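Same protein, same chain, two forms; see structure 1 and structure 2 below, as structure tokens.
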Structure 1
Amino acid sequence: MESLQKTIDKLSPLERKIAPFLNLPVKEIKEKSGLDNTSLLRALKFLESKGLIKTNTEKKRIIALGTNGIYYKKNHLPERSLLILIENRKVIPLEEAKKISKLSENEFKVSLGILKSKAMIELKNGKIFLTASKEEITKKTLEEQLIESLPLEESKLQPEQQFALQNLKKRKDIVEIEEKTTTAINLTDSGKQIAGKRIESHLIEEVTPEVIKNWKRGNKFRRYDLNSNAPVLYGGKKHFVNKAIEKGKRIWLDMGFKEMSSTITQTSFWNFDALFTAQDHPVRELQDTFFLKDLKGNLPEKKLVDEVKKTHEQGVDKSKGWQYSWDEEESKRVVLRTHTTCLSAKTLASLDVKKDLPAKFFSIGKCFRNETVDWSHGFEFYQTEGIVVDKNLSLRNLLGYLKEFYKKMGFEKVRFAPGYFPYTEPSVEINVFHPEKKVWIELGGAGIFRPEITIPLLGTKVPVLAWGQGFDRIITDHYQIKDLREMYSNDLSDLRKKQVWMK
């Protein structure tokens, strides 16, 4: 417990203003201090956090009359007006009653319904017959009794008043429910010592140019309550997915990789054919891949197209190929790239084996698949892609690069198993061990490009280590996202609060 003097030194002007009146009820504090409601409540809250008072807030629901209610209280409820009319006539045609009563269409309908339900009238052949006894007529209804006794606190209503309230609530603007918050305060022991006292203060509030100019030794500042909450502030921020991508990029750059970039729309030639994916492969069907309607793309130079065609039809380098008739038109169809591996294919085609080796390239890019959206699926996803081109590279070297990358991403343990892709052989599936969750996570594939890829694209058989793993798993895992849709929801309060990836 800090000393009372220290606490007094911390009192803000607002708190000091109400200190002399703290012995009084809240309503009087307000009057005497002249503060508005918000300032008063703030001052009370500050005092409470300093341990000088305890506030007690109570919420009350007050039932009061609405605009129609006020009118009906003065005159009659419409059903009463109607009843008076029928009482005079005993029997009256419906239409006539409507006219004479001067009730609105709706009021008339409601009144009729109420009187019928209370068995006070009967409707026959378009006429209204009175059935209620004199006694019944003179007795005030529950609704009328309630209207007369309002305002009342909801929690204190009797059962029959509750019943009447439910009936009236269904009707327009007869009753209103107001929420009233009342605050009461109790003084703590230290609070009692300052309550009722006028606390004079020569303590300086803010440091202003004036204060600096006129500073005198012996001047004192008011102590601030450093524990009180500051208003929330949000800074500008990059999207967390882009931050994660930057993180991955940085690692590839550190490892000496050069970034590849290319368009999202690609011809099937680059996305599939150059990667030795046969034209009848299921991945090339509409149900898996986004094709653009009515669009054809340009193919690269004829020599390369012919090489790819030959490789598919009869193979290269003693490979058997896929042995079918390759269709150039099919390869012109435009797709949203299904993997970033098409970037690797394009990059290989641009390399000069004599000058450009060794070469290492990477990309982290958006890919697409024709997929429905739920917590674990989406039509957009990121892939991290890489190739290493040099003579004498081996499968063990491929594993070496992957192990290093994932180690830098925070996964010490990496495991490899055989995989299958049409464009790599040998192929590898990569799993990383999640150090906290203690489970293996599947990340995707890698391998050494088949000669059916490298010979047409590079012109010679050079080993190309290649990989293309999903990156979303890494992102969702780091940010502890359970539903993939959160990556794309762009909820601003979520984006503002996202923690920075500091690892």
Structure 2
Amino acid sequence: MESLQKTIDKLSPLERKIAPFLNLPVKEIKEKSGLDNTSLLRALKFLESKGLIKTNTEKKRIIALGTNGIYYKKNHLPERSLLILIENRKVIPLEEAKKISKLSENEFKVSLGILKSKAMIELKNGKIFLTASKEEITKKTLEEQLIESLPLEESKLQPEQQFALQNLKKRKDIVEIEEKTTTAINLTDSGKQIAGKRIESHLIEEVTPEVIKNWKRGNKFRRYDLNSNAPVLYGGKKHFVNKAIEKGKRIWLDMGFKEMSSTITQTSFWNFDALFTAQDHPVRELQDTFFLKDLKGNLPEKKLVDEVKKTHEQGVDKSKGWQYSWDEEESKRVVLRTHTTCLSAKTLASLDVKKDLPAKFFSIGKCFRNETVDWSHGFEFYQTEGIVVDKNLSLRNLLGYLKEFYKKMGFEKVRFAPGYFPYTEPSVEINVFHPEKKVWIELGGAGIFRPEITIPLLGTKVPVLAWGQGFDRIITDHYQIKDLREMYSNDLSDLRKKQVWMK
């Protein structure tokens, strides 16, 4: 066992401050040492880790009087004031009692209800009748008795006091519950040898230029306990969601893509019409989309609008379109974007086919849908979007881009399956293999944009590889988040523990 002197030599300045007072109650230790609560508790924990003391912390719930409770203790509860008024009259009209009682309207109503529940009064024909005996009137109620006896520890309340407490808690500011933590100290055998003794405090804590410059023979360093638990230090870092987004963006940029960006509010033209979504399609209804009330947006140049309108009404490139009358006003409605594919549409419309091809673009942005929030759904989510535009592209190129992206995100095994998506034909679903769960996880869809999208936007039929992947699924899988809501809870203790994405 380590000698007592070696243990003393390890004591920190805080521990040395309270060592002479360890045989006193905690309250007196604080007063005599001059330490604040945090420093005192830290010093006690240090001493406990050295085996000098044992601490016993106990939490108590104390029932005390609130603001109204203090007033009522001095001036009667409202129901007692009303009872005194009725006692003198036996019978009193309800309106007259309300007027002369000097109680607030709420206090008067509450008092009537309480006295009725205790069978002390009756209400008939707009009058209050006293039904309680003189003995019942003079006897203090359980609530009055409890108010007079507070403060009390909740765990020590008698059953009738618990009943009265529940009644008083229904009323505003009569009682309040305070949580108090008390710490008791028990000295070990080693602690008893130190308690009450003043310990030298001139030991050197650290080597500084000043210490070296004024070094004296006989200087002594404090001994450090290498086995003691060091405090956990959390370095500053970005929010894990932002860090994951940065990583995704870096991958696309390294693959030669340019970033697309725009506002989270978009007109229905870009969010739906330019992507060949019919104006009577259910996805455009309120149950799926957040529309901005009483707001209309501006449409792009008339030539583009006319091309989109023609595609909807008549079709293009052997397509028959939707065969309905396209409404320009409907396309002006402003929404919170339901996907980032609207960015792809706007980007395509800005390209010059003769000068700008080949072209590659990506985005990672937030989208919004009118979903009920639960562990697997949210009304906001991140999506990673991408398009590649060139005359010499095929589905094989698309699979190559996606496989490379997910490999860089940490998924070694990627597979594709035929799928259906309204904007693309052909279309594929992307699945990645989870090495720990041994299952394939679906992450999103991709394909080649339909002519009904590319011809109006580009002015000609050019292959456009396109994808829209749910990025939240990648984040929750990496950080083993079971509930999607954790991504936005911003619990500081949880955020500190999140590891930096190192894949």
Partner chain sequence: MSNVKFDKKEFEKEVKLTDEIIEKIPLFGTPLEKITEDEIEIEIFPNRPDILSLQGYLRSFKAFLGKETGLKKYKTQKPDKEYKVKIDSSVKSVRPFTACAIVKNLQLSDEKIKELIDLQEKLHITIGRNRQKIAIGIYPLEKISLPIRYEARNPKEIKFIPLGETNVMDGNQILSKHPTGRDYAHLLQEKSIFPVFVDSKDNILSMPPIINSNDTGKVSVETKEVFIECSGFHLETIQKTLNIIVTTLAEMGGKICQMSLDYSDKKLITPDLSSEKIKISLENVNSLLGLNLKEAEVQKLLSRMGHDYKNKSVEIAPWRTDILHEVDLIEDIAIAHGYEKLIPEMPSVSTIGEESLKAKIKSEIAEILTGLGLTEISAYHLIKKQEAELNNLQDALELENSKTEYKYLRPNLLTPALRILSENKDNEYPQEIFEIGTVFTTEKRNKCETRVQENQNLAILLTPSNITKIKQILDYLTKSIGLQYKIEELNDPLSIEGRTASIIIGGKPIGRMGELHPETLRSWGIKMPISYLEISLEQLTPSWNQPEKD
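Note that the coordinates shown come from a computational prediction; the quantities given were computed from them, not determined experimentally. For residue numbers, the reference is structure 1: its sequence is counted from 1. Here the rigid core means the biggest group of C-alpha atoms that line up within 1.5 Å when the two forms are laid on top of each other.
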Of these two, which one is the form predicted alone?
2
Once the two forms are fit on the core, has Gly459 moved its CA by at least 2 Å between the two structures?
no
Aligning on the rigid core, do we see the C-alpha of Ala64 shift 2 angstroms or more between the two structures?
yes
At a 2 Å cut-off on C-alpha positions, does Ala345 qualify as shifted between the two structures after fitting the rigid core?
no
After superposing on the rigid core, the Cα of Lys45 moves between the two structures by an amount in angstrom of 6.6
